[in-house]
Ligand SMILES: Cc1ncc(COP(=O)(O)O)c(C=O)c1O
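First, one chain by itself in structure tokens, the form predicted alone.
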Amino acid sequence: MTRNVSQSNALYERAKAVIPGGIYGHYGYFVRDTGPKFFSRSNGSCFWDVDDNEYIDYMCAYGPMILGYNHPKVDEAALKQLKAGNTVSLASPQLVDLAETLVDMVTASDWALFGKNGGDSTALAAMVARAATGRRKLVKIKGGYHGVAAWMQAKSNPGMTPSDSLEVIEIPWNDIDALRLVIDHYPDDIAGFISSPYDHPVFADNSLPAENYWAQIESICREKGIVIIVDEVRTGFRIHLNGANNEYDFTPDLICFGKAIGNGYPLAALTGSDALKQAAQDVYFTGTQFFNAAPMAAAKATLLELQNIDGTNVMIDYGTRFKKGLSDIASSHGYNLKITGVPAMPYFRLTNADPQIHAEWIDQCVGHGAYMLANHNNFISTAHTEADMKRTFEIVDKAFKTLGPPPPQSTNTA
């Protein structure tokens, strides 16, 4: 890799003097010593770092970019509203327009409430479930991520106390019997079951729902009066335009959206059924910036454009062909590239090489201009082009050539 990232590194050193960690949160977790750390501009499917290196972006800002950076229709809608007013002492009509657009689009939704981050929508969902049922406990999938609120963090994380997640019970993914056991143990105290449409943890292969998994979840929860919460913060509009539950044939009570809903403008949403509308009204959950009008205008434009271009199927088609191309290139160099998850959110793992070699392969791809992560699902957008795919295949091929053949002792074939 010959890319110069000296300006990124210099800025990182400045940042560490005044910002704990320099770059924090999930962005900081994936900082590479040799990789870019700060961007200077973006457009379409690409961004440029402060050293003016260009990258085809397969992280899509960790998911928010779905139509492309600086999308003209989205930015025009946001700018028009920004000039008229953004945060004012009254709500904007954009609030109503966006709620109507979202409810019309998402088949399992009768109403919508808005926040800023995905964690706002999941936290609100938990409160609504508890308010509606009068119960305390929530069941989640082991390793599932639903935000940084204390109730969702591991007890061992710095700043947490054991009581923070006392009412949260974890069960394995795709394990119906585990849910039944939890309900048997707490027959009258399970308020809600929360899960992503499929299992997409970091540092592990992603896993789709087993046949009839969601149908069984729905049947059990309906019988026991448990609220079904689907966290689509990451998957929203990349599996099915009308809600991932349409793909997996079930009906949730609450759906959490974030990330891509505004194509990068800060917004999150909780949608739900009429049966929970009163509970949602009763719960007190608010924020100073929750009524920003410009992001709402951007979100409405995003949703309308996704419908106009059949965005989900565009991403599925691209992701399917992308998966095959990457696998074929890996195979030609003696590597087995396992790609899990849905087509628009691929997770990569070299099964016949140790994790260090896999990370080096990803670093080589980044160094040549395809921005990916080694231990997180990547993302496809509607902005990715045929030229991007061709160029990425060339980069991937070059990265494997740099690595050389897999070492004989690499037997990680799971």
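Numbers for residues come from their place in the sequence shown, where the first is 1. All values derive from a computational prediction rather than experimental measurement.
This protein has a second form, the form predicted in complex with this ligand, left out of what is shown; the following refers to that one.
Using a 4.5 Å cutoff between non-hydrogen atoms, residue 109 does not count as a contact of this ligand in the predicted complex. Contact annotation: residue 196 falls within 4.5 Å of this ligand in the predicted complex, judged by heavy atom distances. Although the partner is absent here, residue 201 is not a contact residue: none of its heavy atoms lies within 4.5 angstroms of this ligand in the predicted complex. In the predicted complex, this ligand lies within 4.5 Å of some heavy atom of residue 145. Note that among 324-332, 243-251, 135-143, 114-122, the stretch whose heavy atoms approach this ligand to within 4.5 Å in the predicted complex is 114-122.
The contact with this ligand in the predicted complex, taken as any heavy atom within 4.5 Å, belongs to 233 out of 191, 337, 306, 233.
Counting a residue when any of its non-hydrogen atoms is within 4.5 Å of this ligand in the predicted complex, the one hit in 250-266 is 259.
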